[in-house]
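The chain below stands alone and is given in structure tokens; this is the form predicted alone.
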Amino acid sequence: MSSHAVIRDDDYVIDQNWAGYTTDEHAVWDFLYRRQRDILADRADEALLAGHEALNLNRGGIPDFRVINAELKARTGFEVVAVPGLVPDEVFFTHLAKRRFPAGQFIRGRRQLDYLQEPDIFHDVFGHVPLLTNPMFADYLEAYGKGGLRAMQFGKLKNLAALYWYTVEFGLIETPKGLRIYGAGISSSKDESIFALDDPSPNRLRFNLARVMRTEYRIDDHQQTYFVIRSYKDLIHATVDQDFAPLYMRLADGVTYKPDTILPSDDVITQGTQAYALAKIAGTPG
């Protein structure tokens, strides 16, 4: 798909140009949707699966933002806006703070079905948007946007990026049926959807705000650590209900923990085999 839409200077929003998608691009969406729904059937959190159904993302082809926004706005006041790609931090935070989720307009090609470095419309809409039908998660994302604008004043964007990464992108949630996926980086990826729950190598640790915000993350491979929340209500309590200013003062030395680190203070749900082997060799705790 090619787009000649004019970018608005203030917010980078463009027209989705839904009529411009090709038959093959619609077919790519349909293939990815069916494949991921099959994988996620017993791996994703029920709120995520319910969001897929509520927005009817399987109506055939790439979703039209004008159509899904009607349902989304009625539920939580959020809407999806098309952007040409990654946008500046301030623009991204402002969109979230105003209950707008910026989504990529393009879709990956058939040679990139399993991995794409830049987020496309499948990652953004299939992965992120369904949970925006959940009022608590919608509140969390709005608060994250407002918090991002504040973090820029404190010079703590790297810490706040880690929070986004380990929750919105790669978060796991504890349910009566066991650990389930809610992060979009997992749910939109065939391999990571399986790896995050089934592979013995990553650590799975109980979510702790300060711990998460001091942890580095991987952008070039599967995660070495996943953080697990008990519920979206608990996530709200741990983040939205807190004053981040004192926390930022304690985080003066920035991001300090490697992605595979296990601390003596960590509440370990699953200790990864790789981290365990390295710890034994080094003779360190964990």
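We number the residues from 1 along the sequence you see. Bear in mind the structure is a predicted one, so any value in this text is a computation, not a measurement.
The next section is about a form of this same protein that is not shown, the form predicted together with a small molecule.
Proximity of V255 to the small molecule in the model of the complex falls outside the 4.5 Å heavy atom cutoff. Taking non-hydrogen atoms only, Y33 never approaches the small molecule to within 4.5 angstroms in the model of the complex. Shown alone here, G147 lies within 4.5 Å of the small molecule in the model of the complex, counting heavy atoms only. The small molecule is not shown here, and in the model of the complex it never comes within 4.5 Å of any heavy atom of Y217. For the candidate set I194, A143, L113, A210, a heavy atom within 4.5 Å of the small molecule in the model of the complex is found for exactly one residue, namely A143. With the partner removed from view, the residue among A103, L72, L160, I107 that has a non-hydrogen atom within 4.5 Å of the small molecule in the model of the complex turns out to be L160. Residues within 4.5 angstroms of the small molecule in the model of the complex, judged by any non-hydrogen atom, belong to 243 to 251 and to none of the other stretches in 225 to 233, 23 to 31, 243 to 251, 41 to 49.
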